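Shown below, as C-alpha cells, is a lone chain in the form predicted on its own; questions about how it binds or moves come after it.
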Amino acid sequence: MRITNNMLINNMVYNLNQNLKTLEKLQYQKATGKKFRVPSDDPIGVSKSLKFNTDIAKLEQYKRNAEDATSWMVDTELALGEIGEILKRAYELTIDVANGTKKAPEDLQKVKEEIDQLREHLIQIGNTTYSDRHIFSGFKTDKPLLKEDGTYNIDLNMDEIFEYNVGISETVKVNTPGGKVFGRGDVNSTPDYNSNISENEKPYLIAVFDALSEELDSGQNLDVIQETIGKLQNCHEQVLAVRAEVGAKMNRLEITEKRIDAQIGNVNELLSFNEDVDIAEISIQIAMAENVYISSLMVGAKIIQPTLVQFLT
C-alpha cells in the first residue's frame, strides 16, 4: 500500500488529538476528584454510583424518621414524668389528710386548692404538643385530647397509632393514645385503659381528682379519701408502665440510629471507592500523558518539517 504525505499528516493529527484528549480527561479527573463526568465514561461505574446515592438517600430518610420519632417520644416521656410527679404530690397530700394530720377545715381547703391546681395541670399535660401536634390525640393530632372541664374532646380509638419507617421492613410505633394514660370508667369502677374513648366522656384519672376534691371540700367522709390513695397508686403504676414502654422504644431507636449511621458510612465508603480518583496515581498518569503528548508533537514536527520548496531544492 502506498503511503502518502496526507496519510502521514492525518494519522499524526489524529494521534495528537487522542493524546490531548487523554490528557484533558486526566486533568479533569484530578481537578474534580471524580473518575467520570458522563455515563459514557464508565457506564457500570455510573450505575453503581446511582445505586449508592439512592441507598444513602434512603438511609438518611430513615435516620430523619428515627430522630423525629425520638423527639416525639422525648416529649411523651417528659409529659408522663410530669403526670407521675403530679400523682406523687397528690398521693402525699392524700396521705397527710388520711392520717389525720390535716383535719382542720382550713387545712382541707388548702389541700383541695392544691389538688384542683394539680388537676388543671393534668389537663394541660394531656394536651401536650410536639411540633404543633397533640401527642396523646391519636390520628387527630390537630385537636387537643381534653376539654377545659377535663372531659375527652375527641373520639379516640386505641389503634390510632402511627408508625415510622426506620429501615427496610422495620417500623416503630411512635405515639401513645391518651386513653392508655388517662383511662376511662367511673371513679368507683375498675379503670379501663384499653377500650376506645368517646367524646365528652370523663377520664378515670380526672374523675379520681374530682372525687378527691369533692371529699376535701365536704370533709365528711375520710374513708373515701383513704380509698383514693389506692386509686392514685393504681394510676401511678399505669403511668409508670406506659413510661417504661416509651423508654424501651427510645432505647431501640437509639440503637437504630447508630446502626443507620454505620450503614451510611459504609455506603459512602463504597461510593468514594467507586467514583473518587487516587490523587497520587492520577498525578503520575498526567505526567506520563504529558510526556506522551510532547513526544507526539516532536515526532509530528519531524514528519511535516520538509516543505515542497525544501524538497525541490
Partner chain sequence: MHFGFNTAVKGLLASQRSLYITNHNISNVNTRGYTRQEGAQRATTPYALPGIGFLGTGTEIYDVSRIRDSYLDFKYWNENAPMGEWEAKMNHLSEIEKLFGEPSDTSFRKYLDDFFKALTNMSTNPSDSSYREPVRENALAFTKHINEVAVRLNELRRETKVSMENNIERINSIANQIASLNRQIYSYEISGYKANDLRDRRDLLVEELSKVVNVSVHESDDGKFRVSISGVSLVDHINVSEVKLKTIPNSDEIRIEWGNGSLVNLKSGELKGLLDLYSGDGENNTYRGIPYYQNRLNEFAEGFANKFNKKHNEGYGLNGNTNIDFFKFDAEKPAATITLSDEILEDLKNIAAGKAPGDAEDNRNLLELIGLREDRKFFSEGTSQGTPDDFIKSIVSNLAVDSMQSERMYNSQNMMLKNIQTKRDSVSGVSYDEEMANMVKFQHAYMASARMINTLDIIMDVTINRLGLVGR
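Positions refer to the first chain, counted from 1. Everything numeric here is computed off the predicted structure, so don't read it as measured data.
Quick note: we don't show the form predicted together with its partner chain, though the next part is all about it.
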In the predicted complex, which of the listed residues (Arg37, Lys30, Lys258, Arg252) lies with a heavy atom within 4.5 Å of its partner chain?
Arg37
Using a 4.5 Å cut on heavy atoms, which of Asn266, Ser272, Gln61, Ser283 is close to its partner chain in the predicted complex?
Gln61
Counting only non-hydrogen atoms, the one stretch of 243-251, 38-46, 284-292, 258-266 within 4.5 angstroms of its partner chain in the predicted complex is 38-46
So, Asp276 and its partner chain: in the predicted complex, are they within 4.5 Å at any heavy atom pair?
no
Is there a non-hydrogen atom of Arg133 within 4.5 angstroms of a non-hydrogen atom of its partner chain in the predicted complex?
yes
Spell out, yes or no, whether the shortest heavy atom distance between Thr151 and its partner chain in the predicted complex is within 4.5 Å.
no
Quick one: does Tyr91 come within 4.5 Å of its partner chain in the predicted complex, counting heavy atoms only?
no
Are there residues in 45-59 with a heavy atom within 4.5 Å of its partner chain in the predicted complex, and which are they, in order?
Val46, Ser47, Leu50, Lys51, Asn53, Thr54, Ala57, Lys58
